[in-house]
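Given next, in structure tokens, is a single chain: the form predicted on its own.
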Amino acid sequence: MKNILLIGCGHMGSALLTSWIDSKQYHITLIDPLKINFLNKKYKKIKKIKIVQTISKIENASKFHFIVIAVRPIDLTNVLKELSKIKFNKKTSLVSVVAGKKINIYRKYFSNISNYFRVMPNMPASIGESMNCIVFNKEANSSKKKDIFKLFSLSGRSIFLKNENEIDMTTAISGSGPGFIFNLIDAMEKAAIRLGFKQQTARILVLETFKGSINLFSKSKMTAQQLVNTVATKGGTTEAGLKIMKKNKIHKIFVDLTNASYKKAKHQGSINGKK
């Protein structure tokens, strides 16, 4: 059984934990001082999970195969300062799921660790349907790469990317994407309610429309634009709605919002806010 040290149990950390908790291959140590009471209440009776109050109280640090850091970017500096006081095994893999923070930042704090990974998962990890994008430093060995791929594949689909810039790009697409999609769902639900549907009916209509459309797209050889054309009969109701989308420049809106997310990820690329 391999040992994971998970630091941070916010939205993303908790989502990953949910995907790992049923595996018999991992023992997990959790640290999140702000959620210590919640963690004790929820996980204290689960034998494979150990809850530690603070980083300074970590014992037997050499046992960890993975250090997974899932804290807010604003909290990372303090976390790394505390972790740097602890001597981890040189074979340990350090894994960051912190948006925008580059591998070189972590290397400054750990002189004896040689395997570093950045992973951009997303919130569907909590139901095993995450999109996990992974990059690694050039010293990382093939065995460690396989271990990371295996670990994160428990939470969904995993792929390796070429470089850290691509990780920042995926932050804007698959990382932030669920938030954009939920916002679209919210807008469609509220539009349905305005037409006169009750909230429960509106939820069903919108949810099943999204599910069916995604499933059709995944099984079709057509592009998304080709599928738009198959739905939009000339002079029909869909065409009427699409004209409004075109008038309001829906494609430009998505270009702008993904660019904003990408720029934010790039801006967070170092602790000092510098490239």
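Heads up: residue numbers just count along the shown sequence, starting at 1. Values in this document were obtained by computation on a predicted structure and should not be read as measured data.
There is another form of the same protein, the form predicted together with a small molecule; it is not shown, and what comes next is about it.
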property	result
Contact label in the predicted bound form: Leu154 to the small molecule, heavy atom within 4.5 Å	no
Lys263: touches the small molecule in the predicted bound form, heavy atom cutoff 4.5 angstroms	no
Proximity of Arg72 to the small molecule in the predicted bound form, heavy atoms at 4.5 Å	yes
Ile67 within 4.5 Å of the small molecule in the predicted bound form, heavy atoms	no
Among the candidates Ala99, Leu94, Cys133, Ala172, the residue which, in the predicted bound form, approaches the small molecule to within 4.5 Å (heavy atoms)	Ala99
Stretch in contact, per heavy atom within 4.5 angstroms of the small molecule in the predicted bound form, of 237 to 245, 26 to 34, 214 to 222, 40 to 48	26 to 34
